[in-house]
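Only one chain is shown below, in structure tokens, and it's the form predicted on its own.
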């Protein structure tokens, strides 16, 4: 199957600063692809390059077979973009915002009217159609932002931290919409800081210090050798006071990393030291586990930081 989105050794520099360093990946039709990384790691810069808004320093990419260097103007007609910061017009109504964006994409008359009705049915915005956007809640604003981003029926949609700052119920509702559109063949490229959102994606990429550090399904990432160093085991420690235990645990020989995870502690320890761990904390429940997605990214980050020193 021909990929819908590709990055081919994509490198982007701003003067002496390399924002994106030799990044390559391919995303298929209808895929919901998650992209994670700390602020400043290059996520938004990659989106801008793929949308034709920023010329790569080296390498290239494609959207629907169109080259991001040569076909930037045409690419913009086939993609939708939604950011974490609400970018619509708060002094206008829901209807006026939708009409404006339909006009931006050259939609008029019956075509614009039909598409507007489809967006209202999809997002549930009809009760708020004539309400000024400034009085909407964050969740409804993001539904409107999504509706305006897809009003021209794009085949590819870029979502840059689309659920940042909205409540859990609104987040889940938005993701239901993403899944519904994905099932209709729309390809999504989603950046997020939420691990639970990343785990909903078919595949996930992790970028750190401008380089793509990992790429794969959740199961593939959990089995990465880099996340499971030879001679180590991942353990979960259930204890009455995780914060009290954490400091002494980190000081133990053979404990490579440890962090609080909910009411427990996840630790990467040398397998030979697990018996000593049981002896040191006899009142705690200690069991071997598969690494969570967060565990994987923390381990990879520590390794990259150590290698870059």
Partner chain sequence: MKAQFYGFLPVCRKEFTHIVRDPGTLFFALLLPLVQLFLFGYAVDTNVRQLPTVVLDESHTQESRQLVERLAASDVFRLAMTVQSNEELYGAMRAGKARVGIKVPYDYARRLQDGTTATVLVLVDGSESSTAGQAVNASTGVALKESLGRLLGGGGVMPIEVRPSVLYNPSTRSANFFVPGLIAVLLQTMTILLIALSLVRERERGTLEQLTMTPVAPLGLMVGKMIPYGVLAFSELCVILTIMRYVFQVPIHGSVIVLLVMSLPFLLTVLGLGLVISTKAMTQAEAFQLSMGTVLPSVFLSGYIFLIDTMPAFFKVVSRIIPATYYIEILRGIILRGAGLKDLWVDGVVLTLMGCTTIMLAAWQFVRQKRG
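Everything quoted here is computed from the prediction, not taken from an experiment. Positions refer to the first chain, counted from 1.
Note that the form predicted together with its partner chain isn't included here; everything after this is about it.
A.B. asks: Please tell me whether any heavy atom belonging to residue 83 falls inside 4.5 Å of a heavy atom of its partner chain, as the geometry stands in the model of the complex.
C.D. replies: Residue-level check for residue 83: yes, a contact with its partner chain.
A.B. asks: Can you tell me whether residue 101 touches its partner chain? I mean in the model of the complex, with a 4.5 angstroms heavy atom cut-off.
C.D. replies: Answer yes; at least one heavy atom of residue 101 falls within 4.5 Å of its partner chain in the model of the complex.
A.B. asks: Look up in the model of the complex whether residue 92 has a non-hydrogen atom within 4.5 angstroms of its partner chain, and give yes or no.
C.D. replies: Result yes; residue 92 sits at the interface with its partner chain in the model of the complex.
A.B. asks: At the 4.5 Å heavy atom threshold, is residue 172 in contact with its partner chain in the model of the complex?
C.D. replies: Heavy-atom contact with its partner chain at 4.5 Å: absent for residue 172.
A.B. asks: Okay, which stretch from 272-280, 31-39, 249-257, 44-52 lines its partner chain in the model of the complex, with non-hydrogen atoms inside 4.5 Å?
C.D. replies: Within 4.5 Å of the partner lies stretch 44-52.
A.B. asks: Heavy atom within 4.5 Å of its partner chain in the model of the complex: which of 223, 113, 77, 193?
C.D. replies: None of the other options qualify; the answer is 77.
A.B. asks: Just one of 88, 166, 125, 181 has a heavy atom within 4.5 Å of its partner chain in the model of the complex. Which one?
C.D. replies: Of the listed residues, the single hit is 88.
A.B. asks: 263, 295 and 302 - do all three of these have some heavy atom no more than 4.5 Å from its partner chain in the model of the complex?
C.D. replies: Checking in the model of the complex: none of 263, 295 and 302 is within 4.5 Å of its partner chain.
A.B. asks: If you apply a 4.5 angstroms heavy atom cut-off, which residues in 126-158 are near its partner chain in the model of the complex?
C.D. replies: Result: 132 alone.
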